[in-house]
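What follows is a single chain, given as structure tokens, in the form predicted on its own.
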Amino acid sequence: MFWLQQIFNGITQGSIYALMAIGYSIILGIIGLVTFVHGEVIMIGAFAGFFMVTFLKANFFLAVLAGFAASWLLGIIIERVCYRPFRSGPREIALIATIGLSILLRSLSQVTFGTEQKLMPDLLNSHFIPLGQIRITNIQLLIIFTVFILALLLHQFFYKTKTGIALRAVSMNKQAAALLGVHVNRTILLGNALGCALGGVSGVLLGIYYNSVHPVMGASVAMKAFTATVFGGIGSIPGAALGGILLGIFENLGVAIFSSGYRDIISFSILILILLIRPQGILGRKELER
């Protein structure tokens, strides 16, 4: 019973990691660069949900919508400031720009929101629901359901709409997509905004799950998103989702065996191991050397 409970807790936490990693994977695919500002995007989304719940007494779905909208707008700003001006220049410039914007957003959030942890109100009057040998909460069920629905809608968007197909084309080959009539700049802007918006939703879910948000939470969650993306396979959205869920399960099992202080150590150990054993990740494909 104890281990089943930890596995289910890991699935819940891993669902949030999966959403972070999906957003990160979309950005990585459409931009073609690792981003260092994704953690702050998640943090901004979390605070947008926090203020909706705390001051406007919003419900769960309005909090999620606020996190989505705030991070979507931030994604547009990031693309305009960090990527578009340097698209024809050395790749390192855009990377440095995301690092600078990450530091700026973190510092501004500490000045604006303070340096203390903020407690998120309990939206659903959390209570346990017995399910066989384990006990789950209504919040856990709602988080898993929300992530599942978003993943399903995202799949339909990428494979059933012209915009989604354009995003996939640009992520594969920007020059070929442009020759086929795709507006590359507009598509990149949309892809970055979408990836950031999903990150913002994951921040809201994280705040609701742990009942707290923090101005410096970005550094930790960014590494979780990156680890899950590498674990599942860079460039693979299903791989990012699988990597996030497995990361959550392994973290919770590791905490049960050792202590909560080992949570981040477990994540980084997984990252190192997967880079040593299978650098392309679980569902990633090994690139052929030319």
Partner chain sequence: MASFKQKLVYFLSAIALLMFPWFIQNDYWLRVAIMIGLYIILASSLNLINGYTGQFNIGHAGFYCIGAYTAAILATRYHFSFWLLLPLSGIVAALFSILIGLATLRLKGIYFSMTTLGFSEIIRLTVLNWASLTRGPMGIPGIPLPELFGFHLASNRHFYYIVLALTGIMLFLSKRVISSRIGRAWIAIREDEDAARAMGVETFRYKLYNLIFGTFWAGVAGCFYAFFTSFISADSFTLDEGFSILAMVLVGGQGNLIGPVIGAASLTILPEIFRNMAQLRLVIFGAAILIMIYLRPQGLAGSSILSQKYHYPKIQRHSPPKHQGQQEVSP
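Here the structure is a predicted model, which means the values were calculated and not measured. Numbering follows the first chain given and starts at 1.
If you look for the form predicted in complex with its partner chain, you will not find it shown, but the lines that follow are about it.
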Query raised in the report: Out of 152, 119, 108, 131, which one falls within 4.5 Å of its partner chain in the predicted complex, going by heavy atoms?
Result: 108
Query raised in the report: Just one of 113, 86, 158, 210 has a heavy atom within 4.5 angstroms of its partner chain in the predicted complex, so which one?
Result: 86
Report task. Indicate whether its partner chain has at least one heavy atom within 4.5 Å of a heavy atom of residue 80 in the predicted complex. Result -> yes
Query raised in the report: Should residue 282 be classed as touching its partner chain in the predicted complex when contacts are defined as heavy atoms within 4.5 Å?
Result: no
Query raised in the report: Taking heavy atoms only, is residue 257 within 4.5 angstroms of its partner chain in the predicted complex?
Result: no
Report task. Report yes if any heavy atom of residue 56 sits within 4.5 Å of a heavy atom of its partner chain in the predicted complex; otherwise report no. Result -> no
Report task. With its partner chain left out here, work out from 216-224, 143-151, 158-166, 189-197 which stretch has heavy atoms within 4.5 Å of it in the predicted complex. Result -> 216-224
Report task. Could you run down 248-269 and flag each residue that has a heavy atom within 4.5 Å of its partner chain in the predicted complex? Result -> 261, 262, 264, 265, 268
